[in-house]
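Starting off, we have a lone chain in the form predicted on its own, written out as structure tokens.
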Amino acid sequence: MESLIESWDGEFVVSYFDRPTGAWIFIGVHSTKLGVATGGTRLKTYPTPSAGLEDALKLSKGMTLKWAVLGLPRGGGKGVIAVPEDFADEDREGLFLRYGELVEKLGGIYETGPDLGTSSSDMDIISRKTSHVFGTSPEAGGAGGSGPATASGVFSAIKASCEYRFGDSSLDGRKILVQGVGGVGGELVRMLREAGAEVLLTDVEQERVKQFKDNLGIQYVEPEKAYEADCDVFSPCAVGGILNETTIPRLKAQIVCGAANNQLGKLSDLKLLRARGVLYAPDFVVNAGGAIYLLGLEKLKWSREKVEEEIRRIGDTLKSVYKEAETSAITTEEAALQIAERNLSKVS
């Protein structure tokens, strides 16, 4: 853990052992340069506590970049609750109450919302101990689930990517494979179909597949065959780490644009994508819609019209990223980082 923290470039990290459950809690505050450190709380079982810490540090930096590249007034932070394999559901309320107390002790420097493994009902529990939380349920005065807003951001990103690559933002007739049809991917499938796209889907959860395959007649692709599927756009909306030296050479899609976090196996895999002529949309730009939705409505007090406008602007941001990458002969990820760093450098 010491080496992870020493090599991290963030401001500070909180480490807390929750004795009643055996869970480790890590809160990474990467940057408050643009505003309050803001990011979701992830609940997951990790092989070791240090793996949970590593995730918190990596994800908190990702949030800094997400807000900065979009030009929004927030800093980067992330919470990770690494629960043991035998974590009991009846212990959930107590764990989140104690987590809320921990967030409150930080005095407002960090605000959190739902993420992988957590929901608006969990945020409701946290809100009983701190006001520094968003994404609570409508019953508790919050905006509720952010899946549709995340999907809307991905939809805008796909349109912008198609415009850049094919010269036309229309999705009518475009062949798009969505990997993972959960809360975000499933909503994206519906949006793409309404726009006239020919949608393919893949998912390891057969119950999800059945809904779309049987009820809507959408073509299903076996997970192991998804990468070589003949399509214009490959949209990863499930787990991360799926683009690597094994899968990239199999890709037939001309564009990769999806909601999954940390899609690359390692940063150098970007060069493999570029060498194959694949246009890669940086995930921390593409998947910002849900965060914009919750933050905008609950904390920044934007109107729904303003929130929708900011989510659509994800597509404009991507076009700027693509243009910079082309002009500077760098990867799209490097271009997005340059834009983020420029926005960060404007603040003394």
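Between two forms, the rigid core is defined as the largest C-alpha subset superposing within 1.5 Å. The numbering used is simple: start at 1 and walk along the sequence shown. Small disclaimer: the values here were computed from a predicted structure and weren't measured.
This protein has a second form, the form predicted together with a small molecule, left out of what is shown; the following refers to that one.
A.B. asks: Let me know the one among 180, 113, 79, 100 whose heavy atoms come within 4.5 Å of the small molecule in the model of the complex, would you?
C.D. replies: By the 4.5 Å criterion, the partner-contacting residue is 180.
A.B. asks: Name the residue from 136, 118, 156, 146 that puts a heavy atom within 4.5 Å of the small molecule in the model of the complex.
C.D. replies: It is 146 that has a heavy atom within 4.5 Å of the partner.
A.B. asks: Could you tell me which stretch in 119-127, 83-91, 265-273, 232-240 has residues with non-hydrogen atoms within 4.5 Å of the small molecule in the model of the complex?
C.D. replies: Heavy-atom contact with the partner occurs in 232-240.
A.B. asks: Please state whether every one of the three residues 150, 184 and 203 places a non-hydrogen atom within 4.5 angstroms of the small molecule in the model of the complex.
C.D. replies: The answer is yes; 150, 184 and 203 each reach the small molecule.
A.B. asks: Are any of the heavy atoms in residue 169 no more than 4.5 Å from a heavy atom of the small molecule in the model of the complex?
C.D. replies: No.
A.B. asks: In the model of the complex, is there a heavy atom of the small molecule that lies within 4.5 Å of any heavy atom of residue 260, even though the partner is absent here?
C.D. replies: Taking the distances in the model of the complex, the answer for residue 260 is yes, it comes within 4.5 Å of the small molecule.
A.B. asks: Using heavy atoms and a 4.5 Å limit, would one call residue 213 a contact residue for the small molecule in the model of the complex?
C.D. replies: Outside the cut-off, so no.
A.B. asks: Determine whether any heavy atom of residue 41 comes within 4.5 Å of a heavy atom of the small molecule in the model of the complex, and answer yes or no.
C.D. replies: Looking in the model of the complex, residue contacts with the small molecule do not include residue 41, since no heavy atom lies within 4.5 Å.
A.B. asks: With both forms fit on the core, has residue 118 moved 2 Å or more by CA between the shown form and the other one?
C.D. replies: Result for residue 118: yes, a 2 Å-plus shift.
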